[in-house]
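Shown next as structure tokens: one chain only, the form predicted alone.
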Amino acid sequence: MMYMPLLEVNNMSISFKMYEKGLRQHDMNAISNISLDVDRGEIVAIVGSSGSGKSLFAHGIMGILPKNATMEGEIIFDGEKLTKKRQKSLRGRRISLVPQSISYLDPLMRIGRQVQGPNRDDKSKRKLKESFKRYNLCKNSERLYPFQLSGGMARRAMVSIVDQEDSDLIIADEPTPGLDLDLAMKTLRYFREFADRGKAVILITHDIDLALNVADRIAIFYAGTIVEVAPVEDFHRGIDFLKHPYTKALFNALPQNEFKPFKGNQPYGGIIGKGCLFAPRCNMMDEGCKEDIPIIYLEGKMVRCKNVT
């Protein structure tokens, strides 16, 4: 029997139609040739700096890109192609997004009604109470408005919304900013519980250190593409088990690894093209890095670099 992950993204590319002087248009490439799969029971953490395409990738899966965006590639969900029509029917039900900002909560609606959704039957009321208990939200929280919640409470309320739908795929976009370490870890453990209940979870974060505590695999984004996907064990085992030069640089920049800086800056949208975009910052660069870079699979890992073995 052929293995089939719950979600399979093949060669996703997203560009935006932009205007220059006057009415001249051009396409700005934002992400290019991203392939990634996620299975039930696992957390895949997407890590990268701002502007690397992490949230855009999530929005492409959800089908909530702006009108001037064009997406290419293929998304397979639960064995079937995820068309625009199917995205719309599954969004918020089998596929759910925990957004980056708590401003996504309706400021004019009480939290209880937002979490409960359109259903008002006894079953939904029972699930609401179970979720509030699970995520340490007091009974009185049902009657509060978003502005009356602390940041941590608001984030737990958004997790409760996902819990109501019992979704198969959960995408958490930066769920921990502004939280202290204890609250951040507690929040991430909620997503670990989702995965342990058989859900597939994509965790988008800047904080690789936090992700290492809950994720099964780490996907490293750089300048609109994936440069490496590796099991979390490789990060715990040490730098010699990581492959891509950018991944190694991130590893060295962690607090426990002396915050070692590396030169240069990530290129931003509009200049994605041929060759390795990390090459100008890489001490392994050679003439071959200016050509198309193949994806190499090594012992279950994926890396986009011609100089790794």
Partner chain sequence: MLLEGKNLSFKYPKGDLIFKDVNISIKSGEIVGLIGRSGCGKSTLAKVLAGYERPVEGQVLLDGKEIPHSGYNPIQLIYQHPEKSINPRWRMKNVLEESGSMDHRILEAMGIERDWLSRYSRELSGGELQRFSVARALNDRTRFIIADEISTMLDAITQAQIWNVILDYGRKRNLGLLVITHNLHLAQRICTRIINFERMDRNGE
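For clarity, every value in this text was computed on a predicted model and none was experimentally measured. Positions refer to the first chain, counted from 1.
Omitted here: the form predicted in complex with the partner chain. The next part is about that form.
Chemist: Closest heavy atom of L90 to the partner chain in the predicted complex, within 4.5 Å or not?
Modeler: Contact with the partner chain, no.
Chemist: N283: heavy atom within 4.5 Å of the partner chain in the predicted complex?
Modeler: Result no; N283 lies far from the partner chain in the predicted complex.
Chemist: Using a 4.5 Å heavy atom cut-off, state whether T70 contacts the partner chain in the predicted complex.
Modeler: T70: no contact with the partner chain in the predicted complex.
Chemist: Could you tell me if D166 has a non-hydrogen atom within 4.5 Å of the partner chain in the predicted complex?
Modeler: Judged by the heavy-atom cut-off of 4.5 Å, D166 is well away from the partner chain in the predicted complex.
Chemist: Within 4.5 angstroms, counting heavy atoms, which one of the listed stretches 56 to 64, 236 to 244, 257 to 265, 30 to 38 is next to the partner chain in the predicted complex?
Modeler: One stretch meets the cut-off, namely 257 to 265.
Chemist: Pick from P177, G198, G117, G79: which has a non-hydrogen atom within 4.5 Å of the partner chain in the predicted complex?
Modeler: Among P177, G198, G117, G79, a heavy atom within 4.5 Å of the partner chain in the predicted complex occurs only for P177.
Chemist: Heavy atom within 4.5 Å of the partner chain in the predicted complex: which of E130, D106, E74, D209?
Modeler: None of the others qualify; the residue that does is D209.
Chemist: Report yes if all three of V9, N11 and I296 come within 4.5 Å of the partner chain in the predicted complex by some heavy atom, otherwise no.
Modeler: Checking in the predicted complex: none of V9, N11 and I296 is within 4.5 Å of the partner chain.
Chemist: Who in 238 to 254 is close to the partner chain in the predicted complex, meaning a heavy atom within 4.5 Å?
Modeler: Y246, A249, L250, A253, L254, in sequence order.
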